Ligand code: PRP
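The data below hold one chain only, encoded as structure tokens and taken in the form predicted on its own.
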């Protein structure tokens, strides 16, 4: 039987997860000295490094049992996984932002929204009963209102510096975001004992780190 696999978002969440695992008392030598390896031994677990959206895919389809990924990716992908624990790090929020001094909600014309997160934006405006035209942008979404492509953007805001430096302002905060632990539905049944033990250790480590 293969070890329990933990899919992990590369980058900042990877570093924060490393701190979490070390606080849990796990031997993280394999992560620290990873080189270019993407599957790493951490005690009795295998840690799999992947892009955020792929973490969701690997966990949803059972290639990995557990995932650590941002709430933003969970919301956008709308995957069939169990969301178990808010890790409390990687905090930011989804926000609606537009040009400074412009009343976004004024007028009756259909608004154009640029975003990397079309599903999140669609749900947000559906709850407001607003008709909008959503355009997906892959790069710097702040450009869209500056170039006249969109009336506003839906994006992740952490410090707000990028928004302000591009003469935009937050119109409305949508939902807070942080790193979460997700679990494959079948794995929760097949490996219930091991996964519950992992989650219990995570909770203890969170208390120590707070």
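Positions refer to the first chain, counted from 1. None of the values given here were measured: they were computed from a predicted structure.
If you look for the form predicted together with this ligand, you will not find it shown, but the lines that follow are about it.
Do residue 192 and this ligand share at least one heavy atom pair within 4.5 Å in the predicted bound form?
Residue 192: no contact with this ligand in the predicted bound form.
Heavy atom of residue 140 within 4.5 Å of this ligand in the predicted bound form
Contact with this ligand, yes.
Taking heavy atoms only, is residue 158 within 4.5 angstroms of this ligand in the predicted bound form?
Answer yes; at least one heavy atom of residue 158 falls within 4.5 Å of this ligand in the predicted bound form.
Does this ligand get within 4.5 angstroms of any non-hydrogen atom of residue 162 in the predicted bound form?
Contact check for residue 162: yes, within 4.5 Å of this ligand in the predicted bound form.
Name the residue from 116, 122, 99, 111 that puts a heavy atom within 4.5 Å of this ligand in the predicted bound form.
Residue within 4.5 Å of the partner: 116.
Contact stretch among 150 to 158, 31 to 39, 176 to 184, 57 to 65 - heavy atom within 4.5 Å of this ligand in the predicted bound form:
Single hit among the candidates: 150 to 158.
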